[in-house]
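Provided below as structure tokens are two forms of one protein chain, presented individually as structure 1 and structure 2.
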Structure 1
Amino acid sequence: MSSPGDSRRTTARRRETALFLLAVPALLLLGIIFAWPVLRLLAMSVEDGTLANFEKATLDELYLYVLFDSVKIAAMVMAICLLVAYPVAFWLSRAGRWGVALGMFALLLPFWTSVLVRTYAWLVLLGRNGVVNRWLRDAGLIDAPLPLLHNTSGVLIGMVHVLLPYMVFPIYASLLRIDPDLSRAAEGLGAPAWRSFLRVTFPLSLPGVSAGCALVFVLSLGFFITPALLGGGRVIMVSMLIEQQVREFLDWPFAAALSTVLLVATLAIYALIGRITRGARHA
């Protein structure tokens, strides 16, 4: 005769099986859309039966330089977005209803316009005779136009503008989950506001910081349109190199090897960001 505990375990197993069966169509869809292209990419990169394409992608100085430069730009975009997004998210978490509505409208408004249109707008704003240089000249702050286009500065400005909301929203969601009474209790015990923020608010918001940093970094590493237009061919990222191999040289196996190297680098850095954030949270 079965006990009540066995009956509950059987019911729980049946429920888990039913939930898994419900998830099977979604898992198959994800496998077809995501897993199969990645496996096809791996197969294409070694279709000649050797690792020559990977050796070229990882040992050639040119491709290593482009990879490291891409990682550097992605890290800079991530850092700038974090420095700008955290105060914005903190203000939104403390603002009233109208302040939150206005802030959300400002953050969501760019999503109504394509990335291509926004990038062309930056071409107009940052050009030698663009709005920014003209305003600075009229204000007497500069004598000659600043080089804001076709360099790393222009690429950073355009990418930060596109990716900033992806940093704000995770941090904002994390800050909303923090009980305000914790900060008030710390201040009631004599801690100044800045110490209360550093010892209470910031550590508890690290999950949002980690999610925002990982999201912005991954998106930055694979960015194409903004670096291609604002960089003017002088700032080369891995995505542009992959596109060049396919469009100009029709070298699909080498492009697949470059894509695989980029994927592995992205996963490794993503894991590193998560580990650093977890260590800081438990410190």
Structure 2
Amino acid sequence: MSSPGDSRRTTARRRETALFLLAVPALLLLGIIFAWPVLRLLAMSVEDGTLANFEKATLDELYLYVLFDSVKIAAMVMAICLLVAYPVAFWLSRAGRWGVALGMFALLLPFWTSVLVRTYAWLVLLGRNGVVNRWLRDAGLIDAPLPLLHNTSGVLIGMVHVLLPYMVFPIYASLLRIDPDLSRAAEGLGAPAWRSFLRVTFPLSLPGVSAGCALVFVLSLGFFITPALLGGGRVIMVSMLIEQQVREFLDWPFAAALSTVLLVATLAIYALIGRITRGARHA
């Protein structure tokens, strides 16, 4: 027995199915360019039929330590990027045409040079006898050069510089999407500028913040040139170890196990970021 209502629901469902079919090519593409390599990776990591590679990647003190350290550095890069990028994005979203052009230019300028060149530029700027230390010394602010390079701070500076645009643009985009009448409404309803920002503008920009954080975090975990050069050997990222395994020792199964562990850690943190920002939005 089918009532007319039933057949209508069926039609509606059929329509949804048709819409879903439209998405199939995209899903297939995603499957091919994303899921397939991941599966290959997993398969490779257990190639020898045991979990020995995973045991080593997750239990060995060396790899655990490096993984933890990498996540810590990526989190710090993300946090610094956020602190620097938000005001920049906010300013850009309020700036006039020329301000935006100038800001975009300044932000995109680094993209015209390779990561390697940018990183070398920091070597020149931040070195013991680099521009920054010379200025500070000439200004009488310091006696001995500050150790800005070849340690964690160097890595952070270099990575923040490279990754800053990835944080600015999503936030900028989400700020632009906010109807300017909303903050006007808030002010008209009695909110001082800062409260209007905290209650309205900021929560509404959280999707951008979340996207920027995820992007910067994930990209940070994949960096190895910048930390290798600016860390002076004192900062080891998982990505560096993976690269070592792939390129030098051809131990792809172990590299695959390391990558899988990294992927899982990344996804976990990604989910965490999403959860925190969603929570903050409706707080």
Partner chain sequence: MTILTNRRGLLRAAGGIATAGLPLPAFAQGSPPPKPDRIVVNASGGGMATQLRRSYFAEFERLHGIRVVDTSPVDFGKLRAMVTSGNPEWTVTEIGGQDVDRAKELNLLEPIDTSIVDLSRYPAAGRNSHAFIGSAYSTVLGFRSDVFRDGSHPKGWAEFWDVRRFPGARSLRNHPVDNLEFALLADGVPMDQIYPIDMDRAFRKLDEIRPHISVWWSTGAQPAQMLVDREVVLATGWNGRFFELARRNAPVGSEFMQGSLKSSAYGIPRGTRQAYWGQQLFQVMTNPRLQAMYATELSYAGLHPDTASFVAEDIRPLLPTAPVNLERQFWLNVGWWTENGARAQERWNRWMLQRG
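These numbers were taken from a predicted model, which means no experiment stands behind them. Numbering for residues begins at 1 and runs along the sequence of structure 1. C-alpha atoms forming the largest set that superposes within 1.5 Å between two forms make up the rigid core.
In this comparison the chain labelled structure 1 is the form predicted alone, and the other chain is not. When each C-alpha is placed with whichever rigid part superposes it better, A271 ends up apart from R247 in the two-part motion between structure 1 and structure 2. A two-part rigid-body description fits the chain between structure 1 and structure 2; in it the smaller part is rotated by 11 degrees against the larger. Structural comparison between structure 1 and structure 2 after rigid-core fitting shows the C-alpha of W252 displaced 2.4 Å. Taking the core as reference, the Cα of G31 moves 4.5 angstrom between structure 1 and structure 2.
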